[in-house]
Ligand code: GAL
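Taking the form predicted alone, here's one chain by itself in structure tokens.
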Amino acid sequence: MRSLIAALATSTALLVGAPASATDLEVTHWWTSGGEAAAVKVLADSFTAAGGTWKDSAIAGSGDTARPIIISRITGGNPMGATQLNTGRDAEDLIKAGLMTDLTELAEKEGWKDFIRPSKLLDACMYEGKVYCVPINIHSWQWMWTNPNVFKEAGVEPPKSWTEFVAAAPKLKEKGFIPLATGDGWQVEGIRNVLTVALGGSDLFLKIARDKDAEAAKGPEMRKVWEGMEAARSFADPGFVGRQWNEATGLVLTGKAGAQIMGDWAQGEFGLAGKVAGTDYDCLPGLGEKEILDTGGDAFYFPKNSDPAVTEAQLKLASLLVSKEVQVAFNLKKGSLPIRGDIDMAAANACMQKGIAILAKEGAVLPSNEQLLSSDTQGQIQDLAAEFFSAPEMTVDEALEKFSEIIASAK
């Protein structure tokens, strides 16, 4: 995304026809873990049942790997029929360049504004009053997943907060467990983001991500956050470098690690392994410190193409993604929360029920970083978090100063 503007200048004229069959859609996404693949199958099967053909083009790795590939194809004149991106500013430049299909007529016809909640999700899909994407779920980073049995084996009570986890972590380490399972890169930036809300609060988060307040970014509340990161890096094992997020989840569910700070997509892995929420694993929204969720997630965008029949198929899939049936089935598999508040989620597990309850509370919902910060700024913060996590010699003071500089120039 950082070099996208230059590529867009000559790209619009390059758009080509998509799949030959009127209802075939090539769909790109980065959902490749076991739990994610089970959720994708729900979408593919539903589209097939509706008369379409889902041509799966999964891109292995994280969004950091997939996004440049997706953007390059669209700007290079080889668009897919539909693509997953995060709900937020991932596709902002593509929309400005006129490369995405306008979904406004469909959204108004089906009344998306009436049932998509929180409203910020649909707002994040809009540009100059028009709708360009379909939010399919609510994913929040604000969770810690724990294995209660690991803590019990180490002779300590399973934690109910970050504070209790920090107190228990040395005992886990002493008994040969990994206190905090993680990978590197975007995963450690996720830890920093979660600690910002849990230790600094929603006001601090908004001052930084929304208001771009450079003074708050190096103030005493943010110091607590980087001190939390300092503790977190001492609780990780050396094997975190290069580890995939679902591999870190696997360490928790197999009893090799005590906890993982990760978005609620981790639940798909626990569910696939047959683990029961509240028994085999537990969940701490807001790290047990503050009951707050950010509301990011996944959305589908539909690149423009030259075939009206493909556009018809795109609209068919867009409509299907927000339907009640798909919202229930998909999110139960994915571990995420639905974008509709008018569906029956009685089958949701104990952790999902916690999330649903938080969504209903006044002042308990925040926008995500993806909705507030440009891709460039997100990348700079991620680089800093990764550097800090892998370099014990970097001090909290140094991190604060660099972070403040990034926020001062943020967009």
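As the structure is a computational prediction, the values presented were derived from the model and not from experiment. One rule holds for the numbers: they count along the sequence shown, beginning at 1.
The same protein also has a form predicted together with beta-D-galactopyranose, omitted here; what follows describes it.
- At a distance threshold of 4.5 angstroms between non-hydrogen atoms, G228 is out of contact with beta-D-galactopyranose in the predicted bound form.
- Looking at W31, you'd find a heavy atom of it within 4.5 angstroms of beta-D-galactopyranose in the predicted bound form.
- Contact check for G297: a heavy atom falls within 4.5 Å of beta-D-galactopyranose in the predicted bound form.
- Among residues of the shown chain, D376 is not one whose heavy atoms approach beta-D-galactopyranose to within 4.5 Å in the predicted bound form.
- Stretch-level contact check against beta-D-galactopyranose in the predicted bound form with heavy atoms at 4.5 Å: of 381-389, 348-356, 46-54, 31-39, the positive one is 31-39.
- In summary, among the residues W186, F235, F240, F115, the only one with a non-hydrogen atom within 4.5 Å of beta-D-galactopyranose in the predicted bound form is W186.
- Between beta-D-galactopyranose and the residues W245, W162, W143, F302, the one pair within 4.5 Å by heavy atoms in the predicted bound form involves W245.
- Taking a 4.5 Å heavy atom cutoff to beta-D-galactopyranose in the predicted bound form, the one contacting residue in 259-275 is W265.
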